[in-house]
Every structure is written in C-alpha cells, then in structure tokens.
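Before any questions on binding or motion, here is one chain by itself as structure tokens, the form predicted alone.
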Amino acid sequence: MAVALPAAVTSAYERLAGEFDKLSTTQKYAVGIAGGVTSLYLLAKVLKGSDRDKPTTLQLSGGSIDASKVKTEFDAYADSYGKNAGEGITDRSKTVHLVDVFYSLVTDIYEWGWGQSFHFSPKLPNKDLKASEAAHEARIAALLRLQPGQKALDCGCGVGGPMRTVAAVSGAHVTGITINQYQVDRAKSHNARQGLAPLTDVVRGDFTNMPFKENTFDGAYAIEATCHAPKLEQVYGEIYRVLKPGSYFVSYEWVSTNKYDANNAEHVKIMDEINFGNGLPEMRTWKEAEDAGKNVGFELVMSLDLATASVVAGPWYERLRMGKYTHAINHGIVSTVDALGLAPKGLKEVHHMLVEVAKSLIHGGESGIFTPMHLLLFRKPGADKKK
C-alpha cells in the first residue's frame, strides 16, 4: 500500500502551521475542512496505489519485517527499553538487532514525512529547507577534502540522501553501509533513478564490524548515525581501521550539551524519550564522543556544535514545530488506513511514537540540553597528503 503527499500541499501546511494559533475560529474550521479534503484525496491515492520509488511516496510495508510480524516486533522493541530513568536499552548486546528492527519500522514513514535525508539541518537565512539540508551535507565533502577519483565511506547511510549530495558535490565515489536490508534496496533504487549509480554503492553490514579491508577509504563520515552504536569506540575503531593514514572522519553526533543536568528529572525524561523514539541505546555527552575518537587513535581536529555555531541560522528543530499540524493530519491518515486493514498492524503505533518523540526533540532543542549535530572532525595520523 502506498500513499503520496503532494509537495505543494505539504509546503502549504508547513507555512500555515506557524500562523495557526493566530487564526480565528472560523479560519481554523476552514483549515480543518481543507485537511479533511486532503485526507480523503490521499486515502483515494491509497486505494488506487502509486509508484513506491517516488520520493514523496509512503510504502507502509514494515520494511524488512513481514507484515504479520510488525506489531510483535514493535512490542518487543518497546519492551527492550528499561523503565528506570536514564536506563535506555537494558541488554546492550541486542542493540544492533534493535536498530535494524527500528529502521524497518520507521524508514517508510521517514521518507514520507521527512524526505530521503534522515537528519536535521540549521535553517539558513533566505534558504528553504531543502537548500539548508543540502548545505549541511555539502559541508561534509569540504571537511573531508574529497576529490574526484577518491573513495569515501558513509557510515549509517539510510536511504542515501546525504550520500548522493556528497558524491555529486565532490565527484568522489561514496560507499554507504547500513544494518537494514530494506534501506539498502531503497538507497540503490534512488541512486539509480537519480543518476548517482556511477558514484555510489550501498552494502548491508554492521558498522561496528565492517566488511572492508584496512586503509581502504580516503575519507569517512556519519550523519546522526553512530549514536546507534552500543559503544562509540566500537564504530569509531572500525572507521579508523578502514581509513587511509592522513585521512579525515567527520561525524554529526547526537549528544547532550553542557546545559544538561543529570540530576534534573525533566532533563532525564526528555533524553529517555529521545532515546526510545529514535532507537538509541543511551545518550552520550559531547565530551564522551570526543574522548571515544581519541581513545581509538584519532587526532581531534575540530569540535563544534552546529546547532549554536551561527547566530543567524534558524533552530534545527523549527521544522518539527512547523510540521506539528501536518503530523496530526498524517496520523489521521495512518489511523484510517490502519482501521481499513490497508497497513500492517502496529504501524499506527510506530507513527504515534514518532509524533510523540518530535515533541521531546523540540523540548530538547528549546532547552538547549540536546543537539543532533555536534560536529567532530578527526584525522587518522600518518602520511599527510591533504594539507
């Protein structure tokens, strides 16, 4: 089952969301009617079907999970998180499997509601969301000093949105690795359809135990991905191994900031909700992430929170605030197709989890205790060819 949300409709709702509270009661009723009409249109598209490879299309399939097992897998995922404050995933040995399950459950919803780049971006002045997103990704190619003919590694590539930007901007060949086979298939499909197949490849694998030889890549990056590792040293150590001496690794990390207080119950609650709603085993501090890189042998070149680096850029969580009414409309659509039996049982609960964690992410951003984009630039010691 597939449903496509027209870009023009999405854009209109996002523009309206920021002004919604200022509307009169009559105007709000009009918006509600418009939302109902949109829902009926989308439901008609569901019943008719559409092309699952289009970037605006939602394929409610449960990813790599059989449709009959989606609810069971989601319930098991939910039960894997401890009930005590700050506990996270109780059995860390299951982290890799749980992340695989998580991305089977959420990938289609991410693509539908967010796009093909599963990350946040600061909103640049006079630039739309897509342009801001592209700039956030293109920074990676510049930091890695990538050139045509070189090889780069995307650790936790998702469906390949950033990979396609980095490859196109730099001319380097980018290999992506993800634990989830469904994402591999989606990324390869997008790469081919968008003309990036000659400069990209995608493999399924665990980035804490990668199927690549030592000293293979001229650069490596991770965008909001290594936060899923059971321990940062495990994934950082593997990246160090497969990088050539003198090469760089850059990561946008999900971490707590200096404003986070582990003795503040509300702070801990926000972090627990972010961990659960995003498949994270725990929340690390920015200092722990720095130390993890240095512990495996990297030289730390730069450490900077991109969420606060520019005084003119808009907050990374603004997109979540703008989309809160769209989220409600989308959840109504998901609930409808669930009631009609057109989606696997359990997908409604997954969507609800994502809607709820959006609120926690906003709270984390507004309070300043959390950032999804602490930039860490590391260099593997050795032959320095990239001054």
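Position 1 is the first residue in the sequence shown; the rest follow in order. No experiment lies behind these values; they were computed from the predicted model shown.
Here the subject shifts to the form predicted in complex with a small molecule, a form of this protein not shown in this document.
Contact with the small molecule in the predicted bound form, defined as a heavy atom within 4.5 Å, is made by none of R139, L153 and G219. The single contact residue among V166, I239, A187, A225, judged by any heavy atom lying within 4.5 Å of the small molecule in the predicted bound form, is A225. A heavy atom within 4.5 Å of the small molecule in the predicted bound form is found for exactly one of V96, A76, V296, L306: V96. Residues within 4.5 angstroms of the small molecule in the predicted bound form, judged by any non-hydrogen atom, belong to 171 to 179 and to none of the other stretches in 256 to 264, 297 to 305, 121 to 129, 171 to 179. Residue contact with the small molecule in the predicted bound form: Y317 places no heavy atom within 4.5 Å of it.
In the predicted bound form, at least one heavy atom of F207 sits within 4.5 Å of a heavy atom of the small molecule. Though the partner is left out of this view, Y103 does reach within 4.5 Å of the small molecule in the predicted bound form, counting heavy atoms only. Contact check for T200: no non-hydrogen atom falls within 4.5 Å of the small molecule in the predicted bound form.
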